[in-house]
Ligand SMILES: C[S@@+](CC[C@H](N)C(=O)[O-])C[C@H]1O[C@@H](n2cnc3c(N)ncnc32)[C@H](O)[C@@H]1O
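Below, in structure tokens: the form predicted alone, a single chain.
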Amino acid sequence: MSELERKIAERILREGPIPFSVFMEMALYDERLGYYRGEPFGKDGDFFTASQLQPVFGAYVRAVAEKLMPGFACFVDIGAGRCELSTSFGDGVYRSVEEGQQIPKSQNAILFSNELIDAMPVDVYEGDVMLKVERREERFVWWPHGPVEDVREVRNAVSKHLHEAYEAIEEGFYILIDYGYRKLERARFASGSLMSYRKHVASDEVLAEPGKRDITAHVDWDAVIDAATEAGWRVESFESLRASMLGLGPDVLEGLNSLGEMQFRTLLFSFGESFDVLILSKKKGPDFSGPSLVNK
């Protein structure tokens, strides 16, 4: 038994079966032993993200930011990891925020996150029953049973995060990139979307080897949009990454392609239809906020 397994098992012994969000929080973010305290990225890690496609991804994000707020002076990368985007923005503009850190206060800013929401801990429900984690026969197992059908994952941290982000700036935008589903696509995940990754191999063994593998779940975009509008954000757009790239126009696309054709093609075609881009805005004025502009 690893040190982290022992730590989780001792908590279950004290408290009884724990919500999966508690298990996931400890497995990924324990201050010493959590998965993200290591180096999970790249070919020698467990997965790739679009942020590794540099310089093309950084140039794409900058182009989106310039389109939203020409001449912006502050770009805040939330959940920045290895800060791959820093070279696309420069020290005077780029700021990074790690998990657990507060978003810096800014008058005008572009906030940004890539694959932040999918890594937020989730509670797991089957119908109205919360599925928890217990320890039995030297293994972590689901209680009272494992997910089968009518399963949904609930991220309580999303609302808090979007409120914090909204309060951090007086005016600006928040660009969120992630993979997920809308209401009409929900049927694809009747048994839930929880997955773990190790050495680029996906598995549904999310309770095995805590701290040694990634755990993720698809983003419920409707829930994120509801939480965003409740926090005060206005939804400017929601579209696939591919549509977002194409919307920048042929001149920008040609420039991105010239930076690295293979990276460009991977971002446009491989990531392009799997990932979505949600853009939120906050502007001064009493009548700015309103209902979502994105149909459900």
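Remember, it's a predicted structure, so these values are computed and weren't measured experimentally. Quick note: we count residues from 1 along the sequence shown, nothing fancier.
Not on display, but discussed next: the form predicted in complex with the named molecule.
Chemist: Hey, in the model of the complex, is Gly79 touching the named molecule, heavy atoms inside 4.5 Å?
Modeler: Yes - in the model of the complex, heavy atoms of Gly79 and the named molecule come within 4.5 Å of each other.
Chemist: Answer for Ala217 alone: is it within 4.5 Å of the named molecule in the model of the complex, judged on heavy atom distances?
Modeler: Close contact is absent here: in the model of the complex, Ala217 is far from the named molecule, nothing within 4.5 Å, heavy atoms only.
Chemist: So in the model of the complex, does Glu115 come within 4.5 Å of the named molecule, heavy atom to heavy atom?
Modeler: Yes, Glu115 is a contact residue.
Chemist: Residue-level contact is defined here as any heavy atom of the residue lying within 4.5 Å of the named molecule in the model of the complex; does Phe238 satisfy this criterion?
Modeler: Answer no; every heavy atom of Phe238 is more than 4.5 Å from the named molecule in the model of the complex.
Chemist: Spot the stretch among 68 to 76, 180 to 188, 92 to 100, 127 to 135 with residues whose non-hydrogen atoms come within 4.5 Å of the named molecule in the model of the complex.
Modeler: Contact criterion met by 92 to 100 only.
Chemist: If you check Leu207, Ala165, Val224, Met120 against the named molecule in the model of the complex, which one has a heavy atom within 4.5 Å?
Modeler: That would be Met120.
Chemist: Kindly indicate whether Ser2, Phe20 and Phe23 are, all three, within 4.5 angstroms of the named molecule in the model of the complex, using heavy atoms.
Modeler: Contact check failed for every one of Ser2, Phe20 and Phe23.
Chemist: Need the contact residues for 17 to 36: heavy atom within 4.5 Å of the named molecule in the model of the complex, sequence order, or none if there are none.
Modeler: Read in sequence order, the residues that approach the named molecule (within 4.5 Å, in the model of the complex) are Tyr29, Tyr36.
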